[in-house]
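Encoded as structure tokens, the following chain is the form predicted alone, with no partner shown.
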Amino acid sequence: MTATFDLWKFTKSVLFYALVVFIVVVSVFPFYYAILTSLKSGTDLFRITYWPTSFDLGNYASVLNQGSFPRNLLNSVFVSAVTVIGALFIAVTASFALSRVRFRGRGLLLMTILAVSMFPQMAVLAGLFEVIRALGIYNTPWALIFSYTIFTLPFTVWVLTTFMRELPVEIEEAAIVDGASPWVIITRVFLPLMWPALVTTGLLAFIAAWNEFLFALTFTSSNDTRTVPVAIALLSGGSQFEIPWGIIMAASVIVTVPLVVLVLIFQRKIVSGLTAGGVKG
């Protein structure tokens, strides 16, 4: 009986690790193959290989020497960073009101905020385009910041509200007794405790803004204001043999590396933020 139990336990462990390896390979392989392709040139681009056969950085030099791509990269950094800052500022204050201030219709308001995220981008594209034109911010980074913030807020507000509800009310009561205002409570008491949730929501909002394509294509019309997803899409030529696959893959690697680095740096806080509030002790 003991031998049978040990065999079954060993089999489960093997199956579990085999599944983990399979998931990792499926997740990492596209990025790995993009790196391989970015290091190829000429006819090597059309040869299927799974191990490095050349080490040519010419595609990266071509991308970075193109007139608009470095500017597009800076546009993406600016738009994504400002979107995260604005969304977190609004979400923190809104989550404080939704989690700590009692008023009629609080639950309905929270559900309404969450319902906004259920609308697909295509459904609101025309209306949002008219709003952006009316505001006079078409073909500027502020058009993207405005639209990205709208679609980022529901998630950030929901996560931060759930996290803030789990914070002990005694901390807030002690701050009120000491004469702290709501703004002081938010900035001096709650913010230091909310770093895991802030990092999680901020990073996910950054990734969403960094990778967004539809709004960036619609609300910008010049190379000076476009972000990198649109810039990469416009690198394509005519037929499949004219498309600069090596340059496109090099640009994709350049765009993906910052996200990978950010996730690796903040991975512990991301896990803490996603699991916060999941278990009540």
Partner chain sequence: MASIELRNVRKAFGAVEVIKGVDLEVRKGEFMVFVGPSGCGKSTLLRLISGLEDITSGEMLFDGKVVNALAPSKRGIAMVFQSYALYPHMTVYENMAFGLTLEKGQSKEEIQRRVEKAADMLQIRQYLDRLPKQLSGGQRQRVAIGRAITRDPKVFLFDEPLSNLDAALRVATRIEIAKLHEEMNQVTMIYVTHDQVEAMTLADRICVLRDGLVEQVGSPMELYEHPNSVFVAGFIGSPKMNFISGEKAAAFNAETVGIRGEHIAIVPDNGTWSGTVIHTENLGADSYVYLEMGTEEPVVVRLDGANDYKSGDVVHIAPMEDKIHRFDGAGKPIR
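Just so it is clear, the structure is predicted and the values come from calculations on it, not from any experiment. Residue numbers count along the first chain shown, from 1.
The protein also exists as the form predicted together with the partner chain; that form is not presented, and the subsequent description refers to it.
Novice: Since only the chain is shown here, I'm wondering whether I176 would be in contact with the partner chain in the model of the complex (any heavy atom pair within 4.5 Å).
Specialist: Yes, I176 lies within 4.5 Å of the partner chain in the model of the complex.
Novice: Would you check, heavy atoms only and a 4.5 Å threshold, whether A81 touches the partner chain in the model of the complex?
Specialist: Flag for A81 set to no.
Novice: Contact between I85 and the partner chain in the model of the complex at 4.5 Å, heavy atoms?
Specialist: I85 lies outside the contact set for the partner chain.
Novice: Is it the case that L193, even though its partner is missing from this view, gets within 4.5 Å of the partner chain in the model of the complex, heavy atoms only?
Specialist: Looking in the model of the complex, residue contacts with the partner chain include L193, since a heavy atom lies within 4.5 Å.
Novice: On the criterion of a non-hydrogen atom at 4.5 angstroms or closer, are L57, A61 and L64 all touching the partner chain in the model of the complex?
Specialist: Negative, none of the three is within 4.5 Å.
Novice: Suppose contact means any heavy atom within 4.5 Å; which members of 184-206 contact the partner chain in the model of the complex?
Specialist: Counting only heavy atoms within 4.5 Å of the partner chain in the model of the complex, the contacting residues of 184-206 are V184, R188, V189, P192, L193.
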